[in-house]
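Consider the single chain below, provided in structure tokens and representing the form predicted on its own.
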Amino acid sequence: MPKIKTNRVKYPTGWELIEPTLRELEAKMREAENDTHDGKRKCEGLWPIFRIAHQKSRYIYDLYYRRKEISKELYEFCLEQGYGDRNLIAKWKKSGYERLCCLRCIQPRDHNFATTCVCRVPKHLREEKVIECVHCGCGGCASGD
């Protein structure tokens, strides 16, 4: 027999502490999704969505790894429910990727000459001082900046 799906989700202890912030970020995400894209380039329409997704993942990452304010159970619950990006957080734990803005910036297949995004180049090595990533609008996420 197939499993019966229910809408009841059992929240782990500590959820009431982070729920208001996550709900606020979800509301910002809905607002960014419904925002008009008039007068913007095609790629610029998704930048606010990428920024909010990054902000949610960074919030969960900081609570668990840096401040150690939430339990592993609550951390896993947040990732399973889609409040944070598991792959992005895994990259943040590695050396050199502490400030990574999105996963598309490090995928060589999305860039010319099979390299990474221009936002991954440290500021002192750039020819142009002001840049924006085409994928997410990042101004520079190299850890050596």
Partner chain sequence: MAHRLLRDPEADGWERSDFPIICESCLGDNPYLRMTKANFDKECKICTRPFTVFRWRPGRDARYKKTEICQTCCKLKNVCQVCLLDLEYGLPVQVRDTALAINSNDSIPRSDVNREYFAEEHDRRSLLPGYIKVGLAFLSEMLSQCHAGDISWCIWVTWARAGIDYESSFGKARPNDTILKLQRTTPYYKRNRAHVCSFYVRGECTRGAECPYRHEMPITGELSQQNIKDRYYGNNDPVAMKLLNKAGEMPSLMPPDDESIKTLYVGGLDDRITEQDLRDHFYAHGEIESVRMVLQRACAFVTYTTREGAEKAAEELSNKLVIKGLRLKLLWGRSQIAKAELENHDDEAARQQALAHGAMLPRAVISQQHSQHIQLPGTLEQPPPMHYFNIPPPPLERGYYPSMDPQRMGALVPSQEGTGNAPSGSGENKSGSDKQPQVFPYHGMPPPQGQYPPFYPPYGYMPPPPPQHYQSYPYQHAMRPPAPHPTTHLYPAGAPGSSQNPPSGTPSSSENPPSGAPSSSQNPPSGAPSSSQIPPAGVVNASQS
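Positions refer to the first chain, counted from 1. Bear in mind that the values here come from a model prediction, so they are computed numbers and not experimental data.
The form predicted together with its partner chain is left out here; the points below concern that form.
Enquirer: Of Q81, N112, S95, N34, which residue is found within 4.5 angstroms of its partner chain in the model of the complex when only non-hydrogen atoms are counted?
Expert: Looking at Q81, N112, S95, N34 one by one, just N112 meets the 4.5 Å heavy-atom criterion.
Enquirer: Look at the stretches 22 to 30, 52 to 60, 113 to 121, 84 to 92 and give the one with heavy atoms within 4.5 Å of its partner chain in the model of the complex.
Expert: Single hit among the candidates: 113 to 121.
Enquirer: Although its partner chain is absent from this view, report whether R41 comes within 4.5 Å of it in the model of the complex, heavy atoms only.
Expert: Answer yes; at least one heavy atom of R41 falls within 4.5 Å of its partner chain in the model of the complex.
Enquirer: Report whether the minimum heavy atom distance between E127 and its partner chain in the model of the complex is within 4.5 Å.
Expert: Yes, E127 lies within 4.5 Å of its partner chain in the model of the complex.
Enquirer: Quick one: is I131 in contact with its partner chain in the model of the complex, heavy atoms, 4.5 Å cut-off?
Expert: Yes, I131 is a contact residue.
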